[in-house]
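This document opens with one chain alone, in structure tokens, the form predicted on its own.
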Amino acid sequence: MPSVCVVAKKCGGCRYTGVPYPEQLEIKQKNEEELLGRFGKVERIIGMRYPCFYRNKVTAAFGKDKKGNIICGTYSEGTHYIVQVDKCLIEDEKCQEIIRTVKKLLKGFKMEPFNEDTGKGLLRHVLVRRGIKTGEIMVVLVLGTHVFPSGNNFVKELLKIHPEISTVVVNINEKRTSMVLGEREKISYGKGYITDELCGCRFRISPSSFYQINPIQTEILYNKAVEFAGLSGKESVIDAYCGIGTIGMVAAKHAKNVIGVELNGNAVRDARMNAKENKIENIEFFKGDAGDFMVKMAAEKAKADVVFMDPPRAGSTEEFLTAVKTLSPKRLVYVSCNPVTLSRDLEFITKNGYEVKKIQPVDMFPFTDHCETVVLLTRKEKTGFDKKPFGKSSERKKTDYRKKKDMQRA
């Protein structure tokens, strides 16, 4: 198993390159215990059998080096300096191969990569997503202008070299922004989306839809979350921050009904299509902020037996947790990608009528310092919520300033 990356110091994305995988798991286990151990026993982290080339979504930035040569890769941590990456140890190998082909075609078609300083040039980024179980591949060409000279021929040549590509989408991003995708896009080939299978369901994935980048570990994570929920078929369930409906649809097989809420309109569209594709009729999806939606449900005195919440790295919000206080579901299943903000939120929840029953870390991102955790909390039947105002703890104040940046990264 490879463990050393030649550009690790320049890239900064993988903190544990060169560290044997068992040691990585021990480091993460210790970190989880330090942050979450005061709430209960932290189970042993679930690692991967083969922790390399797991990222099913690969994004490459394009530019030129000082000699004028076209380069592509990732931004060095905290900068917009492009680090040329020929082979990444955590990114899907087929996705990387396609990106290298795009780089060669740029030169052959005499196309210029986009220059952030001058605002001139064509190609800004290439995003490739692959359905690990279906084998379907999406290529998104992100341009800095709506004009794509010889675009049809470019796409035809790409498909000739890689006939395994299922769809090609051209995305237009003319803004001076750190966001990869722009708001406009057009389909150059195929359906404009791909599908993949997860936990026995089939999911439609559009260019901007959130879909976990490690499907092998995602199945473990989501199955564990549904297991923690203890569904019997009689429960009303809320799936907050639902994305394209993954957790909610898996839960719907074991619940009376499920409501999913998500801010991203494209993800909501995909979620509805996914439910139809999988013939799941006891789930419905709403577009909106999860906190606002929960506040509205609380005001209407709606009932929920189980709430799943899978917020971005910044964690949950004051409004959301206050609404949970009012709804008072029997069980709360918190899926987190940031143990720091998870610890902050658990502090509030456990002081307001709930107790932690199970804490299960899952290593979704080998070689990085990130870790996913699923936590089961149950309502204390004889203890109501503390009526004190939510307020901001010192730990929440420390982490709030990261919210904007973290939500973008997530």
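Quantities reported herein were computed from a predicted structural model and do not represent experimental measurements. Heads up: residue numbers just count along the shown sequence, starting at 1.
What follows is about the form predicted in complex with a small molecule, which we do not show.
J.: Find out whether any non-hydrogen atom of residue 289 is located within 4.5 angstroms of the small molecule in the predicted complex, and reply yes or no.
T.: Result yes; residue 289 sits at the interface with the small molecule in the predicted complex.
J.: Answer for residue 144 alone: is it within 4.5 Å of the small molecule in the predicted complex, judged on heavy atom distances?
T.: Residue 144 lies outside the contact set for the small molecule.
J.: In the predicted complex, is there a heavy atom of the small molecule that lies within 4.5 Å of any heavy atom of residue 294, even though the partner is absent here?
T.: Judged by the heavy-atom cut-off of 4.5 Å, residue 294 is well away from the small molecule in the predicted complex.
J.: Indicate whether the small molecule has at least one heavy atom within 4.5 Å of a heavy atom of residue 98 in the predicted complex.
T.: Close contact is absent here: in the predicted complex, residue 98 is far from the small molecule, nothing within 4.5 Å, heavy atoms only.
J.: So which of 168-176, 131-139, 79-87, 236-244 is the stretch with heavy atoms within 4.5 Å of the small molecule in the predicted complex?
T.: Flagged stretch: 236-244.
J.: Only one of 148, 210, 189, 114 comes within 4.5 Å of the small molecule in the predicted complex by heavy atoms, so just point that one out.
T.: Contact with the small molecule in the predicted complex is made by 210 alone.
J.: Name the single residue among 222, 228, 334, 154 that comes within 4.5 Å of the small molecule in the predicted complex, judging by heavy atoms.
T.: The residue from 222, 228, 334, 154 that makes the contact is 222.
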